[in-house]
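First, one chain by itself in structure tokens, the form predicted on its own.
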């Protein structure tokens, strides 16, 4: 078995960028507040994630597909929270 540096870099980068988004999701779920999150940013970011995922599928790059697919789920949670609690934000 040989060490695949390119795959390692891809999975490591994907882990870091996905994990960086997780604290915001956790905070938003706990506080039920998304008042400081731009809806435009969420839509634009989700669009980028979808395009990256499609690109990863076309290029058969599992690290790209996995990282962007998981982050897209996180963005979906934030989007749902933004829609659900956007008009009735509680002070935190």
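Numbering follows the first chain given and starts at 1. Throughout, rigid core stands for the largest set of C-alpha atoms superposing within 1.5 Å between the two forms. Here the structure is a predicted model, which means the values were calculated and not measured.
Same protein, other form: the form predicted in complex with another copy of the chain, not shown, and the subject of what follows.
Colleague: With the partner left out of view, is residue 62 within 4.5 angstroms of another copy of the chain in the predicted complex by any non-hydrogen atom?
Modeller: Residue-level check for residue 62: no, no contact with another copy of the chain.
Colleague: Is residue 66 close to another copy of the chain in the predicted complex, meaning a heavy atom pair under 4.5 Å apart or at it?
Modeller: Although another copy of the chain is absent here, residue 66 would stay clear of it in the predicted complex, with no heavy atoms inside 4.5 Å.
Colleague: Determine whether any heavy atom of residue 21 comes within 4.5 Å of a heavy atom of another copy of the chain in the predicted complex, and answer yes or no.
Modeller: Close contact exists here: in the predicted complex, residue 21 approaches another copy of the chain to within 4.5 Å, heavy atoms only.
Colleague: Is the gap between residue 73 and another copy of the chain in the predicted complex 4.5 Å or less for some heavy atom pair?
Modeller: Outside the cut-off, so no.
Colleague: Judged by heavy atom distances of 4.5 Å or less, which residues of 34 to 55 approach another copy of the chain in the predicted complex?
Modeller: Those in contact are 34, 35, 36, 37, 38, 40, 41, 44, 45, 47, 48, 49, 51, 52, 54, 55.
Colleague: Residue 13: CA shift of at least 2 Å between this form and the one not shown after core fit?
Modeller: Shift of 2 Å or more: yes.
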